[in-house]
Structures are given as structure tokens and as C-alpha cells.
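A single chain, nothing else alongside it, follows as C-alpha cells in the form predicted alone.
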């Protein structure tokens, strides 16, 4: 039935019921029926809205020509078809869930008001907005629907674009801060009810500003896009990635609370992000630091969990960058320490609390020192000695590194000038210093003021200097070599190495990073082969080699056999104050005798801290002497038989099930049922912790894990354990307070 046919019926009705005289007088003021039909046809032809009608069974009895044309047919072919068959999706759905499908509304004979539907058109997506009302005859019998529709495809696409802009980062296509917050909040709310876990990683790019400054903001934007692509390659379907802003990224990982798994993901992310980038023909290298927090252990609410991850990220950056850190309650103290470092670092030089200590660089051929590396030491007035790994990153962030570096050059040259013979001094140069045009003049002033011969000064430079302008780097190398100083490539092999550096840069020495030395003596470890390759390369380029961080006699023997020319590490000496260096030199003690353990012991840390030791239903207090991935040495219980099952409570919900393998009076050697994992800070932690859900079931309020110890038998607030303790506990005060 066409619109003309529809109105023709009304025409016959009108001819059978002629208007009165009064109506005839008024008629010229209004369109007649033919004009009204023409007006409706013209309106349909505009495409602004279409009309449709169905019978009582929902079969089409009328459809506008334009609507049929958009469907790729004519109206005659559409008559008799179900209206709902035109749509592949007969409703879009509202956020509040009130909207109902078209089929439901029609079967219930409800009014249809602006219902969005997807039209079944092959090749492209078209959306209509449908309205209609049920129609009844004079007897009140339902006769079908009469309605209209309009094309809202352009409007919907515009809404989708606007929604995407509101939820996604325009540069990378990742979720933005608003969407990530919303997604994390809804996930945590749902998971809290289901007693599930969710991890959050916060990432911050290291050295991104340097790329932005040297290559420009468009290059920085391209770099961020490539970082996003690499993150998606690592994470895949394990979680959702967002970019809150700047050079920060956030990753949500549902249903993961295994810190071993999270550490592996973090390590892969760091490794992937740290690979070189090609941007408009230029080569850029950055790194990343990662903070990790896990719900419900570290927080239940979005703000609490993100704050914990941020604090862990802050600690990762402060610990030397290029690493991950898990959140722990101790990090709040670390944040306070960083603030103290920032406040005190500016006055440290003036107050004389920063000093240089010197560690010998020893020839493997005869164990005599060829020189010393100058290492900064800071004796904080309140905190005591603070590691350079803690204050050097702060100095770089706050811009103080330039002043510190210049002072170290001046002081190092002055001290070395008092040493006899041709002993060299090695001074570290940061990437910030290296990028300064003033560096050659600062070096010259230090040499002139001290009277030190240029060939006795060795500048140690890390591979991060190659992140800048290649031409400027080449010019700097030329100017420094023109002065006559020596150049050493420090920490070689830590992730940014390239043979191109060695081909083009005039280095006199390569320092092999201690990460290659660690584990090199273990069977099946490939580090020895890598050391051999580095030594061979250096010899071919007429460069010396230094094995860094050598601590045991077997490591010393290995690097000597592999051909390294020098060794640096505790196996010979730690860093000494200038007075101690002069004392040795005055006595003619240039030779060093190796000291230390015969063999390297993987990952064992000497500690002294209180722990809980749980046996059956009794908890004892003990002292943790040392710790490795697979076991620990504890003191506190007398005569515990080998084979006894114990649970070591290391605090903050960390329980390690273990077996006594060695026992000697009050000392037990434990073997863990499940090996510990890397905590990202050079330490170890358990894969899993006591779940706050379990603590809540035992009577404690549901909250993030508090600090301290809380075994389940105490958390339940039940009666005291029955039975007598099996072992006698030694008073902790009787144990030595110094590590053995």
C-alpha cells in the first residue's frame, strides 16, 4: 500500500461526507486532501524521515520509497515482511537498562519512542531511529502499528567519535586516564564481591625528555606510539593498557596476584621498551621504571591501589631506573627518604658531607693497582651513609648532578695528584654532564688546578650518552681526546649495547657489567661465553677490559682465565677514603691479595631481622640470618629435628612453608617448598601472600594488608592454642646483633 493509496481511502470518505457551508468557507485556508498527500510525498522525498505501517501480526503494509531504496529494493518487495526482519540489531540499549528490544515492544503493543536500530544492509553499517504507536479500529481491535523512522548514522558516528575522544588517548589509541579509572573502579568493585585479585602496573619512561629535547616533539609523539605498540605486544589479552598522560602508562592485569608472574611481565616490558627505536632515520633509546600494586593486598579502592603503584614506581626510579618494584608498606619510609635527599642534597657539598672514596682497579696479571675509581659517598646528618644508587638519580632529576659532577672532577684530580707514579683516577661522567658544551673546559680547569697529567684522568661514560645528537656526541669525543684524557665505557652490556658505539667512539677501556659476572661460574650459565666475546672484541679494538663486581675467588679465577685485563670488586677491596689510600701508597702497597668466599653463592643475602617461626599451632620469635630463593638460615629454636615442617612468617602476609634440612642447636637451615621470587629491589619475596579475604573470613575487617605479622590463628581472635610448644625458644636478646 502506497501513501497515495492510503490517502485515497480518506478521499473516498471525504466525497461521501461533503463539508458544510461553514467548512467550505474555511477550506481555502487549509490544504485539500490532494495537497496534503503531495505535502507528505514531498516530505518523504527529503529523506528527513520515512513512514511505515504494519498489520496486527507485525507485517509491513507500507514503507516509504526512500527507505526501501536505502535497503536496496523497492517498497513492493518489502510488503508482507516482518518489520523486525529489517534489522540485525533491534535495539542499542540504554545505560540504565530500561530500553527494550523492538520485537518486545511490538509484541507488548507499547509505544515505540526513538529506538535506535541497526539496519541489515550489506557492506556498511546504517542506523535508524524508529518511532511508532499501536492503532486500533472503532471497535477497539488492534490493527497494527503506524510509525516513522530517520537515518541517524552520521549522528551516531559523531557520538562514537566524541565518546572515543572522551575515553581514549588520541595519540596512541590507548585508554585515557578517565577510562582507565572507570574500568579499574568497576573491576575492583566486581572483584571484591567475587574475592578475586587485580594487579596494576604504573610505568614511567626513563630518558624520554632527552629524546624530546634532542629530536623534537613530533619525534617524541612517534616514540610514544611505538611504546604503546610494544606494550600491546607484551600484554596482549592479559590486561588493558592506558596512557594517563605525558610519558606515563598504566596496565590493569585482572586475576593475577602471583608476584613471580608479575615480575616476569615487568621484566619483559622493561626489556621490550629498552630496545632501540627508529624515528625518522634517527636512533633513540629509552628505558622504563615500573611500580606494581595488587588488589586486595595493597588496596581495595582505585585511588588506594593507584597510589600504592605510584609509590612503588617512585621507589623503582629512585633505585636506579630500569627496574620494577612491588609496593610494600616500607616504601612510605623510602618516599620520606627521597624527600630528605632532595632537601639535603643542595647543601651537601657546602656542608662537606659528600666525599669521594676510591676503589682499586687491579691488574689480573700481577694483582697490582693501575688506578682507582672515584665513588661518591654521602654521610647524611640524620640518615647516615646514603648509597649513590639512591641520591644520584635524585641529583639527575633535580638538576644538581652538574654541580656534583664538576665537584667530583675537581676533587678526584686533586686527590690523584698526590698519588705516586702514574696511577690513574677514574671519574664517572653522567649523560647530563656529557651533553653540556662546558664539559671539556671543566675537565681542563680540573687538570690545570690540580696539575694532574691528562693521561692519568679516565672519564667513565655509560651508553646512555648515545641517546643524544650523534654529531654532538662525536664532537664531544673529539674535544675530550684532544685534551689527552682516557675514556672508558662503563656498565657495558646492560641493555643498550651496540657494536656501532665501539666502532665510532675512541674508548680506551670497556668495563664489563657485574650482571655478566654473577652466575658465570655456575654450570649451564652462558655468561662466561659472553664475557669471552666481549674480551675478544676489546682486544681486537686494542682496548683494556675490567670485570666489575667480582666478589668470590672462583669468579676471579674465571675472569682471569677468560682474559680480562683488570678486576674491580670486593674480592680485592671496597672503596677507601683518601687517607686510607695514601696510607697504603706511602707503604708501597700497590699489590692486593684476593679475599672472599671460595665460591659464588647465588642470591644469598646476609640479614639480621626478626621473623615469626610457626610450628603446628604455635608461633615463635626468631632471627633471619640469611636468605636465598630456595631457603634460609634462622635462629631462635633449640634442637629442631631435621625434616620438621615449619612456616616462616616474613611479615606483610608473606608465609613460606619450609622443611628443616640442617639443625645445629639454635640454628636451622630451611628449604622452601616454593622458591622465592625477585622483589624488584635486589631482594626476595614470596609469590603469594595471605589474602585479605582470608583474614576477613577469620574475623578481621576487609582492608589492604597492614604491616607486621598476623598469622591466621591470631587473626581469628579465638582462644589460645591448646597443647604445649614442641621446642624451646632462645631469648632473642642473647643473640648477636651483627650478621655473621
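What you see is a predicted model; the values in this text were computed from it and never measured. Positions refer to the first chain, counted from 1.
The form predicted in complex with a small molecule exists for this protein as well; it is not shown, and the discussion that follows is about that form.
Scanning 514, 628, 473, 565 against the small molecule in the model of the complex with a 4.5 Å heavy atom cut-off leaves one residue, 514. Proximity to the small molecule in the model of the complex, defined as a heavy atom within 4.5 Å, holds among 374, 510, 200, 416 only for 374. Proximity of residue 429 to the small molecule in the model of the complex: non-hydrogen atoms within 4.5 Å are present. In the model of the complex, residue 388 approaches the small molecule with a heavy atom inside 4.5 Å.
For the chain shown alone, residue 548 is a contact residue for the small molecule in the model of the complex, at least one non-hydrogen atom being within 4.5 angstroms.
Within 4.5 Å of any heavy atom of the small molecule in the model of the complex lies no heavy atom of residue 310. For a residue to qualify, one of its non-hydrogen atoms must sit within 4.5 Å of the small molecule in the model of the complex; none of 175, 226 and 267 qualifies. Proximity to the small molecule in the model of the complex, taken as heavy atoms within 4.5 Å, picks out 550 to 558 from the listed stretches 133 to 141, 450 to 458, 550 to 558, 184 to 192.
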